[in-house]
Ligand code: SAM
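Only one chain is given next, in structure tokens, and it is the form predicted alone.
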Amino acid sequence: MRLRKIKGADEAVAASPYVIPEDPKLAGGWGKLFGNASPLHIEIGMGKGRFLMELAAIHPEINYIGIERYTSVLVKGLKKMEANPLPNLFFLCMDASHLEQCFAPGEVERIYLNFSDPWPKDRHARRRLTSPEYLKRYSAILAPEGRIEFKTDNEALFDFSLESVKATGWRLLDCTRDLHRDPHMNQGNIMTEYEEKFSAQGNPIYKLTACR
């Protein structure tokens, strides 16, 4: 994915008190950072942050970490955070392949994956955030009853994700191929910027939840 570089984004992210520097010492210590023992949820590929900020505002009893590897994207989330600070939300600027370095086994109770890069070429399948390789990483940090929630408008990626869940022995909890017309799975749904855009274009939104 090629993004337009935003001047000053690297510096803004590095200086922000809302961005925690990537550090192996973070693993197992998120409760100390937040100052409580609340459950920890993370979003991988948080984009501009709308989804996670709305979620954190609604659920102050849960701690949230938004992970975004691109500073030019994360800086837009920082502006939202500066306008409306939330004590139960921090950001990490890192690649998702480093998850096990920053989170201890069983430390995360929920992982959100929203409109992830589909990496359509077969040779890039391992990079998809719902690939067996990434499900293995999630398994290493999820609590025993932890789960992932995945939304996309890309049917091919959704089918691939269903196959990954089955192939790795995970258990599919819920699944829909038209989220906004599914009264059960759409209850309490918070839309991302992409979701609002794709839905307005008439595209169905696919969603699954799964656990180990």
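So that there is no doubt, residue numbering starts at 1 and follows the sequence shown. Because the structure is predicted, anything quoted here is derived from the model rather than measured.
Below, we turn to the form predicted in complex with the ligand, even though it does not appear here.
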**Prompt:** Here the chain is shown alone; which of 129, 81, 75, 111 has a heavy atom within 4.5 Å of the ligand in the predicted complex?
**Reply:** 129
**Partner-contacting position among 135, 141, 96, 89 - heavy atom within 4.5 Å of the ligand in the predicted complex** = 96
**Request:** Answer for residue 103 alone: is it within 4.5 Å of the ligand in the predicted complex, judged on heavy atom distances?
**Result:** no
**Request:** Would you check, heavy atoms only and a 4.5 Å threshold, whether residue 160 touches the ligand in the predicted complex?
**Result:** no
**Prompt:** Heavy atom to heavy atom, is residue 18 within 4.5 Å of the ligand in the predicted complex?
**Reply:** no
**Message:** Please determine whether residue 46 contacts the ligand in the predicted complex, using a 4.5 Å cut-off between heavy atoms.
**Reply:** yes
**Prompt:** Going by the ligand in the predicted complex, which residues of 104-127 come within 4.5 Å of it through any heavy atom?
**Reply:** 114, 115, 117
